[in-house]
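Just one chain is shown here, as structure tokens, and it is the form predicted alone.
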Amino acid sequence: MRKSLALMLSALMLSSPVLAKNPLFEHVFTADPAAMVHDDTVYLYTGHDEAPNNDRFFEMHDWLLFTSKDMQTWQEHGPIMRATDFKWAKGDAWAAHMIERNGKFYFYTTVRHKDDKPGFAVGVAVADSPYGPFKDAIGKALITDDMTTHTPNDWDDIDPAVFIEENGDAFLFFGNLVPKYVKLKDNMLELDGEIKTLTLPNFTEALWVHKKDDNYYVSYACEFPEKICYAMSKSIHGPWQYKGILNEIAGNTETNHQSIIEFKGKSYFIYHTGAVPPRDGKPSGGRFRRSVAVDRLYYNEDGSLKRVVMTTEGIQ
């Protein structure tokens, strides 16, 4: 009876909606938000910070999924995948990105490769549903550290984000310290051409590309501690015109990472902070214990973006 009751309570906690506030979730640490709009639902995929405190380093093993139909209440669905589900990887479930194409859902991820190809790599998993189950789509990394030589760091091929043009051309953006992009083949599982670089001032990481009307926008974490900056272009290939800071340092963490989506006619800026206060004697949020937040995004008449106003109330 006690076991049955515990299972019922656990299921109730998993299915209970989380109401709007910032950060969105306080019972679990989340980071590197990758939001996708599909049909009438927002699917929010996040990293999962599990560092025991804030004086060590990132400890991340899996990716989480939350959904919302109104940007105010969120449903939790638990882990969708672990870094070690890629048999060629040995861990570190860093930033990821989800995109749908032709009824398939492609999950591009950052993981640490095993020692035969040391360093961080980009993998891709696929599923028939945005909830999964996801499986390694090609059985190997899509991008490995030895494929780029722009920096001596072994983490310079991180934070993948995919953008698909109206004509069907797909591009993968990624990088740390040097922003890079490459065309994907129609199957979304192979590179189609050489890896190219972008010219973006003060670039650190966390590329995200979106389009509104005839303007392309690339936003990214800039400097350190990280703010979010952005640039605009009339082409996916640039040239990119730097427009300035979009989001200031997001509180109690040196990193930042963003998603920009449009949902039911409104635009949203999703990011992470370290703003969760201590609870029940547990360590507070911080540099290695981050939490996702969301606020509105607004455009000026000339298409440029207004500075994001970060709130504790969230979307009301």
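Small disclaimer: the values here were computed from a predicted structure and weren't measured. Numbering starts at 1 and runs along the sequence shown.
This next part talks about the form predicted together with beta-L-arabinofuranose, which is not shown.
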Quiz item: Hey, in the model of the complex, is Met71 touching beta-L-arabinofuranose, heavy atoms inside 4.5 Å?
Solution: no
Quiz item: Does Tyr268 reach beta-L-arabinofuranose in the model of the complex, with heavy atoms at most 4.5 Å apart?
Solution: no
Practice problem: Using a 4.5 Å heavy atom cut-off, state whether Phe58 contacts beta-L-arabinofuranose in the model of the complex. | Solution: yes
Quiz prompt | Proximity of Trp94 to beta-L-arabinofuranose in the model of the complex, heavy atoms at 4.5 Å | solution = yes
Self-check item: Among the candidates Asn247, Ser291, Asn256, Ser259, the residue which, in the model of the complex, approaches beta-L-arabinofuranose to within 4.5 Å (heavy atoms)
Solution: Asn256
Quiz item: Counting only non-hydrogen atoms, which stretch in 75-83, 130-138, 236-244, 151-159 is within 4.5 Å of beta-L-arabinofuranose in the model of the complex?
Solution: 151-159
Quiz item: Does any residue in 130-144 get within 4.5 Å of beta-L-arabinofuranose in the model of the complex, counting heavy atoms only, and if so which ones?
Solution: none
